[in-house]
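This text opens with one protein chain seen in two forms, each one given by itself as structure tokens under the names structure 1 and structure 2.
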Structure 1
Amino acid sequence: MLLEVEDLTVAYGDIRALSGVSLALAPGELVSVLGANGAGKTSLLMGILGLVPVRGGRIRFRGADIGRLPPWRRARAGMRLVPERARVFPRLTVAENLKAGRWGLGRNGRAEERVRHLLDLFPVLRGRASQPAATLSGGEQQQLAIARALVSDPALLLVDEVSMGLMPKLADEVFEVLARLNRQEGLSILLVEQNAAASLAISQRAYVLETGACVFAGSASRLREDPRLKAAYLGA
């Protein structure tokens, strides 16, 4: 497995956000984590990245226990986060935002080659290298945030609420980008989302969180097609 999380518990003071959550992701998989607001989805990502206090559990990445590593070392091990609402640098150009994703790589040919490859993967950005990020649409900014995270060629992309604040058409475009990266590039993706239908349509497997606990783990097709599971966990 590329990522293994066992019995992860995350708490903020006396408030427990996650209670013994376990999940796994194999190389090349796209796995969704679903749940309502407050279910613990973002806390799960932040716990994996070492950005919030972890009270218990184990995190293994590429076979190594990373639970005691600081966030920057987890990032260097091959994880990258696409935060909710894109959070690009609005006053910087598209090219400058992509260069920010190269931080720590140095000025080498590999990094430059990677940027060129990403502009091919994201044609909406190709002709806008000198355009400030603030002038892009919400969907375009989200694609820029994904491209920026990919400049370092990570082994695992952690994506937090990619559809938040986007019109349905723009959200669909971003989901298609993630699906294409998974299918064509073999990119491993852990996708945290409230949009269950769109997430399940592009995922191989899924987990559902409720009030900090995992209540479902299985194939995306099973969750998508079983009316009893949909009614119980997705309110459908």
Structure 2
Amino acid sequence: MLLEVEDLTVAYGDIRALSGVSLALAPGELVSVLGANGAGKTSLLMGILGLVPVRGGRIRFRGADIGRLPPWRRARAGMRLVPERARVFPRLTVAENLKAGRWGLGRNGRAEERVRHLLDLFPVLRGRASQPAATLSGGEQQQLAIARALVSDPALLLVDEVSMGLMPKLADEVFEVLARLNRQEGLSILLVEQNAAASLAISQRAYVLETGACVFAGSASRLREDPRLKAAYLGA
């Protein structure tokens, strides 16, 4: 397993956002975490990176226990976050955003190559290198955030609500890019989403959270066909 989360509990003060959730992700897998607003999806993702207060549980990544490392060290271990609402560095240029994504790799020739490859993948970023990231549209910022996360060639991509605030057509494009990265490059992706239909379409497996606990874990196709779950989570 690339990532193993066991009994993860996240609490903000007295408020428990996640109670004892376990999750596993094999190399090359695209796994979705679904659930309504406030179900604990983002807390799970941020808990894996250590960006929210974790009260219990274990996190193993590439066989090592990373549960006690600060967030940036977890990122260095080979996971990268695509934050909710992109969170690009607004006053830095597109090129500087991508350069920041290379953090820790130094003057590595492969990183340059990687940037070129990413510009092929995200053609909207081409020719915008010296433009401040704040001047990009929402969809473009989301693509920049994904590209920024991918410059370092991570083993695992953690994607938080990538479709939020995007118009459906743009959201579809972003999902398509993620699916392609997963299929063609074997990139492992943990996708936290509210848009269940779109994310299930590209996932192999899925977890469903409800008020901080896991209520379903299984293959994406089974979830798509389960009438009870369909009614509850897919709005069908």
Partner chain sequence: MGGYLVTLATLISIQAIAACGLNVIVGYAGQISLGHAAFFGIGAYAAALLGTQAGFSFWTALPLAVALTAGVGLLLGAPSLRVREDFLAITTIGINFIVEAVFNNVEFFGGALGIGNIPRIRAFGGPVGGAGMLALCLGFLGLVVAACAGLVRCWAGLACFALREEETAAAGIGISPVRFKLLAFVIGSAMAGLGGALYAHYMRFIGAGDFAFPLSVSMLTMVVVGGIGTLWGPVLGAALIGLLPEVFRPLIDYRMLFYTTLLLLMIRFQPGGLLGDEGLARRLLRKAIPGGRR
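Sequence positions of structure 1, starting at 1, serve as the residue numbers. By rigid core we mean the largest C-alpha set that fits within 1.5 Å across both forms. Bear in mind the structure is a predicted one, so any value in this text is a computation, not a measurement.
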| query | finding |
| --- | --- |
| Form selected (criterion: the form predicted together with its partner chain) | 2 |
| Residue shift check between structures 1 and 2, rigid core fit, residue 94 Cα at least 2 Å | yes |
